[in-house]
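Quick heads-up: it's one chain on its own, the form predicted alone, in structure tokens.
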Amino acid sequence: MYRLSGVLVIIIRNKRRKRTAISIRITLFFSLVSMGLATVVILSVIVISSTNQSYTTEKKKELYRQANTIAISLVTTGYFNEMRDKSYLATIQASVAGRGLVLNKHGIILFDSNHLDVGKSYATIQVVDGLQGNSSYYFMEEANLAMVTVPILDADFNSVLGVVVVSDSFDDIDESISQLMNLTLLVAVFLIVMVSLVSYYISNNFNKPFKELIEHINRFSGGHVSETIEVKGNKEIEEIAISFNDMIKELEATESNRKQFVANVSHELKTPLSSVKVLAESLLHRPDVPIDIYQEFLSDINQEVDRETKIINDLLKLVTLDKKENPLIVTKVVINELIENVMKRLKPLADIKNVQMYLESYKKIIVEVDETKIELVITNLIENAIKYNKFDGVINITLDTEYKDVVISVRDTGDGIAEESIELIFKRFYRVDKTRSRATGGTGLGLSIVKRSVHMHKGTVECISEVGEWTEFIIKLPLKQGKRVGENGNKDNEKK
């Protein structure tokens, strides 16, 4: 468990080294405040702009209404008739908020609500345009003044009798907009304060589960390795806690497997050495032992040394297979020929127990594999089938293709494997029958080597068995490995 805690200590140290980064709570807080501030500013600008536009539009409509009302009233009341009824002129000053002018068709001012320019010529572009029968709107920014020019048409709408000019200041609109801006500023400040408070509350609550998670990690790195994390929050936070707990369980399982593996290695390596020591001491304490006893004991010592060597060799193979930098050296291999060569090499071992080996293959199959590793896989499977077979037994090896895979099956007529042991046989140093395995010279590592080698080829290995009848191992390997790390090395080898 010391190594397990060490992994978490490294995680915490890396976390502490990066504390110069801004915390997620501060980041979230300022993000929410910035979003709220931007929203308030944008809404304020929109409200003020739309209000200003609305006031301007209404002002323009009002000026047009006043000018048109004056123009129509002047005609209907007979101001431009021979009678020259001027009684309506007295009402113009009261009907306009700003200044009202009445001009004849020559551009001479007949009436001025401000009584300033009566009798003067007023020949502006807008007046000239109005005398041609066109209405116009003009805004003078310097004076903050808007002016509307409307033609006065006779009763038949055939001729222009004159022009009405109505103008008014925009100071009242500016004052209203200024008041609105002040009010909006107060509302904006209030909203920003509220957004800040809400953002602080949200960011604090959002960050709380992370703090609890960090506290649990710190406790774990402090030695409380048996504790699990119970962090409540939103779905993502709970998923992080569940994933972390799963990681802890996986680390604990890995650590347990490591300890078990070390214990098994120590035991397996110690057993032959103990036997050698016992045999050697027996010879040392009995100097008058006959020569045939010496030879027998030395033969036993030699067997134990061979067994020790085999265990060490298998361990080295596993270590090599476990290395990440160990690439597959992929070549195109005729798998039929590879299996036949292994069978020929193991035939002397099969003949000892009079075991018959048969290969069923219906076509030549070429696969992209690491020949050395796959040869080791097939050798281990056939060698096990021989060792654990019955005398006068049979081994059937079948070879076929299935979609994009090659399928290799090795079936023996041995005593079989119990169902509860099938899932364990690929573990290192696991033996179904330890006494019998040692008698046959097994190390308990062969099937681990098989599984690792097959997985490196992206393949699968499966075991099915019937106790007292047979055992069958089925391997599936892709016919093509595609681009792999070792492919360049393969090409280099081909060039050589």
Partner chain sequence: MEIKITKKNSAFILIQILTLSYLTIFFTGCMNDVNEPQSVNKNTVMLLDSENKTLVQVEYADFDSINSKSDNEIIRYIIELLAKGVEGSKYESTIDDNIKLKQVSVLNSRVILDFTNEYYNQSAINELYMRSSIVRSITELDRFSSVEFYVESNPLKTGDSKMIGKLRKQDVLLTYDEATNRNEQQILTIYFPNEDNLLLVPTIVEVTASPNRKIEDIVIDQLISADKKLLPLGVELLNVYTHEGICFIDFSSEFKTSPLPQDISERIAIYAIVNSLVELTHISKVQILVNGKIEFVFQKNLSLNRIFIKNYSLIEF
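In this text, all values refer to a predicted model and were calculated from it rather than measured experimentally. Numbering follows the first chain given and starts at 1.
Absent from the display: the form predicted in complex with the partner chain. The rest refers to it.
- This chain appears without its partner; in the predicted bound form, the one residue of A155, L273, L284, L116 with a heavy atom within 4.5 Å of the partner chain is L116.
- Checked against the partner chain in the predicted bound form, the residues K364, K105, R345, K390 give one hit for a heavy atom within 4.5 Å, which is K105.
- Of the stretches 345-353, 133-141, 290-298, 402-410, only 133-141 has residues with a heavy atom within 4.5 Å of the partner chain in the predicted bound form.
- Heavy atoms of S203 never reach within 4.5 Å of the partner chain in the predicted bound form, leaving it off the interface.
- Heavy atoms of D129 reach within 4.5 Å of the partner chain in the predicted bound form, making it an interface residue.
- Put simply, V41 is close to the partner chain in the predicted bound form: some heavy atom of it is within 4.5 Å.
- For the chain shown alone, G98 is a contact residue for the partner chain in the predicted bound form, at least one non-hydrogen atom being within 4.5 angstroms.
- Site residues N52, I177 and M181 are all in contact with the partner chain in the predicted bound form, judged by any heavy atom within 4.5 Å.
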